[in-house]
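Presented as structure tokens, the chain that follows is alone, the form predicted alone.
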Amino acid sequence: MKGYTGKILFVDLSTGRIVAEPIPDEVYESFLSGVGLGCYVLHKKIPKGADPLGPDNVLGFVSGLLTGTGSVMTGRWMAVAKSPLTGGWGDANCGGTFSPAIKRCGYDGIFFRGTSDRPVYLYVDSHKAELRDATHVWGKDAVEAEDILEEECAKKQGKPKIAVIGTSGEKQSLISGICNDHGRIAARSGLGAVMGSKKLKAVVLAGNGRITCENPELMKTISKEFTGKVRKINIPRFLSGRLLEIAANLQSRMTRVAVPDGIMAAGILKKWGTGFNNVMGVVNGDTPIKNWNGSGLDFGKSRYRNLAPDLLKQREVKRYSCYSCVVGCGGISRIEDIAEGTFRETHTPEYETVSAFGSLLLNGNLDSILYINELLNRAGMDSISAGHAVAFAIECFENGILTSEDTGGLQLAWGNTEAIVKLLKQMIHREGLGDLLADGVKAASRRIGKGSLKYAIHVGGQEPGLHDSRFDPMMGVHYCADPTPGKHTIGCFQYYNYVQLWNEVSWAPKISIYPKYEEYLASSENATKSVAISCYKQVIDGIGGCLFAMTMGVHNWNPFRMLNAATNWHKTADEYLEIGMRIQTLKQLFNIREGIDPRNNRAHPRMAGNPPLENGPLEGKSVPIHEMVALYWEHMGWHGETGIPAKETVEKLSLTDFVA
């Protein structure tokens, strides 16, 4: 009755053997579930030097420890594997309804090794697990395949929950992800390619088992407290998104930073979803523009206001929430004015997608972005990486590195919507220039050569999220220092300020108000903040927690209380953050074992403001990212010069058995 099932399902696709494996209680106490359990299993099951697209790689689907326990905002699941994009630790996070389905089948995770000789899918319910032929859905996009399998496997008690790859995963694009809920994507790290290499089309879950909780009454009380707070926070209907633009203008001029109550974000997310930042980010400098080489002057009001959250809101026909969510930031939107008329609706595009195919490319056409969003969702391709790949190609074309002959006649230019859509389709189908770009900008620049590396924005092989490190320097630290480089969901100053960890964690620096310039310093205090938020995020990913709930503040949404209610462990916040440090350190040890030199995960000079922009809200800003990374390593107990975990740290965290 501790919130977890105590076992995983292990599938060998080469032999067809399927076995349930017990996981001792002490593993959960050391690593939680979710990403921590995945890290524990993969470290033991993947041999050193395994080919990410070969049979020895292990692909896992893991649920969170708190998923299904009566806790709120804990419905996330993660895919884990050795990444073919970076060559190191890979994970991807997604919401929807798939996470509780894993546990209802009686497992905390489902793992795959080997390679099938034909397309298959795994079917699991409360009584059996079996591999079934997937030839009839191989070649279908993610939405089509999910519809077919949903009908095929439906039971009296309801429809199954399905994780599936689209055609990009089948074609082993290194920027492909894994979809659920008709196009929601666990997009990062190229794990769709791993699934495609194994000829595994889908995982279909139809279990109806009970998910336990040690103290359900206490969990109910905790969840009701948070839910009550969220329900009180609403943005009046008459207030428009133009206020967000005004707020961003003010923010760009502020010289001091105050600590807000993160619960206020609940109202913004309920009204606009993540699209609230579509305009704000351009105005305050958070959003990278023109392949990280431009400013708001390049993407002016006549363009960025076309992507305003109110315009997206007008397109929405339905709102939805993830499992156990009380905010509901998702939606379904109409697609209009696309010549082909293939699709009429799509998931309302997230901020990252709007920016990747909007400001990053100087594209102010909202219709094209809605259409692109659906293309990506169905193909199962990461919008962050795909947008960067297109931006890279445009800049190469602009500078004569690529020619019309290379592009098949496409005239690549900033804001050329027609050319952008056509190039993306080439990437999805792996045709022409798109075949090079479908593996990300690092692989493309290596193949193209001719000085193209100058325009290839990536960190360690993965394209960064659409949040500018010159705006929030700690974001740049985690782009480079996290074992899965380029991710925007690990830590930044804004996250740290909103979470207010100092209310629970004894060593987390307490702040109230400080000068903005302090964020640009390579200081011991900033390094401690980076370590704290990084370790905390590992806890969140171990419980299936939502990033947005996390940023509403530990004083509002408290995972430590929920964990103790679910497990009866009675651990302190400090002890839980030590678990987070253990998970993060084990990821780093995995990378070291696989030959990754952490010093090579360097930010592109533009990301550090080298040289600084000459205009816009980030004018003159530069960031000592690599000095800050070295201090982060040092405060994590890793060697400051190399990023390798120190022997003393490995021993303190009881990870000696994981070091060869």
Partner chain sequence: MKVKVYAPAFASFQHLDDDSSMKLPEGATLNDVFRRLKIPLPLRPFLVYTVNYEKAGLNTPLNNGDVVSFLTPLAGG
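Numbering follows the first chain given and starts at 1. Computed from a predicted model, the values in this text were never measured in an experiment.
One more form of this protein, predicted in complex with its partner chain, exists but is not displayed; see below.
Heavy atoms within 4.5 Å of its partner chain in the predicted bound form belong, among the stretches 290-298, 552-560, 131-139, 447-455, to residues of 552-560. Shown alone here, residue 286 lies within 4.5 Å of its partner chain in the predicted bound form, counting heavy atoms only. Contact annotation for residue 210: none of its heavy atoms lies within 4.5 Å of its partner chain in the predicted bound form.
The closest non-hydrogen atom of residue 276 lies within 4.5 Å of its partner chain in the predicted bound form. Although the partner is absent here, residue 280 is a contact residue: one of its heavy atoms lies within 4.5 angstroms of its partner chain in the predicted bound form. This chain lacks the partner; the member of 264, 311, 154, 413 within 4.5 angstroms of its partner chain in the predicted bound form by a non-hydrogen atom is 264. Only one of 362, 419, 522, 235 lies close to its partner chain in the predicted bound form, with a heavy atom inside 4.5 Å, and it is 235.
Residues of 458-478 that come within 4.5 Å of its partner chain in the predicted bound form, judged by any heavy atom, are 467, 471 in sequence order.
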